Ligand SMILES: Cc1cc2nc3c(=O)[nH]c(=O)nc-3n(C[C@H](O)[C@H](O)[C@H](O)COP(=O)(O)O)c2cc1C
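In structure tokens, the next block holds one chain alone, the form predicted on its own.
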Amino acid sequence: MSGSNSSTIFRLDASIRIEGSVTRAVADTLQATISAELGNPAVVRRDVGSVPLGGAVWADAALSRLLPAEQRTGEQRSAIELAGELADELASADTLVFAVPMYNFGVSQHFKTWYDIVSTDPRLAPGADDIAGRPAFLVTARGGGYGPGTPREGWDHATAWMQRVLVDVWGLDLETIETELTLAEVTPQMAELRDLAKQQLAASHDTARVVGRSVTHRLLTAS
């Protein structure tokens, strides 16, 4: 599955920042590496960070599934249509990239809303395996340090949840690229960590290049 005629990358961005976003920058490196590996594939973008999905859509999509089609409201029909459009974007892609930062120690609300909506489509509901086995990449970033031995060890309530739904619910073949200390450059209290932050960011870009080059083998294995 290689070449521009047969390969598609789906990329989701959830950062509320455009300039200066670490997840967008690392995902750019990853996307460029994958594109070079696959021979300029098509890229489908869904930017929920700059163009958020409506918070009421999930309820309309979920509740409408409990009603006969003729009893659904216009809002419910529109919600089902949007859920189907989001599911189509995933189903049509060979490789999936999710660029999602941690916000306030938890999952980005924009990513969570997207996940809730798309999961109402039967193809992405728990128990379905329509996209199982496909190569996927989670690019995430955290402003501080949350590793073992740090004062905020255990405060990251985002990464494990995202890995759970992407791997255990959807069955994706997931690689995770994590970057920490992303606020060191703009936080005076973290000034002594700035060199380490730069090293971590450089390492994430290097990791993106390495794992991106593995995509052809992973696609052949998945097929």
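Sequential numbering from 1, following the sequence displayed. Quantities reported herein were computed from a predicted structural model and do not represent experimental measurements.
Another form, the form predicted together with the ligand, is not on view; read the next lines as being about it.
Checked against the ligand in the model of the complex, the candidates A79, M102, V118, L96 yield a single residue with a heavy atom inside 4.5 Å, and that residue is M102.
Of the heavy atoms in R17, some are within 4.5 Å of the ligand in the model of the complex.
Among residues of the shown chain, T182 is one whose heavy atoms approach the ligand to within 4.5 Å in the model of the complex. Although the partner is absent here, Y146 is a contact residue: one of its heavy atoms lies within 4.5 angstroms of the ligand in the model of the complex. For the chain shown alone, R142 is a contact residue for the ligand in the model of the complex, at least one non-hydrogen atom being within 4.5 angstroms. Here the chain stands alone, but in the model of the complex its contact with the ligand, taken as any heavy atom within 4.5 Å, falls in 102-110 among 67-75, 102-110, 80-88, 126-134.
In the model of the complex, the residues of 17-53 lying within 4.5 Å of the ligand by at least one heavy atom are, in order, R17, G20, S21, V22, T23, R24.
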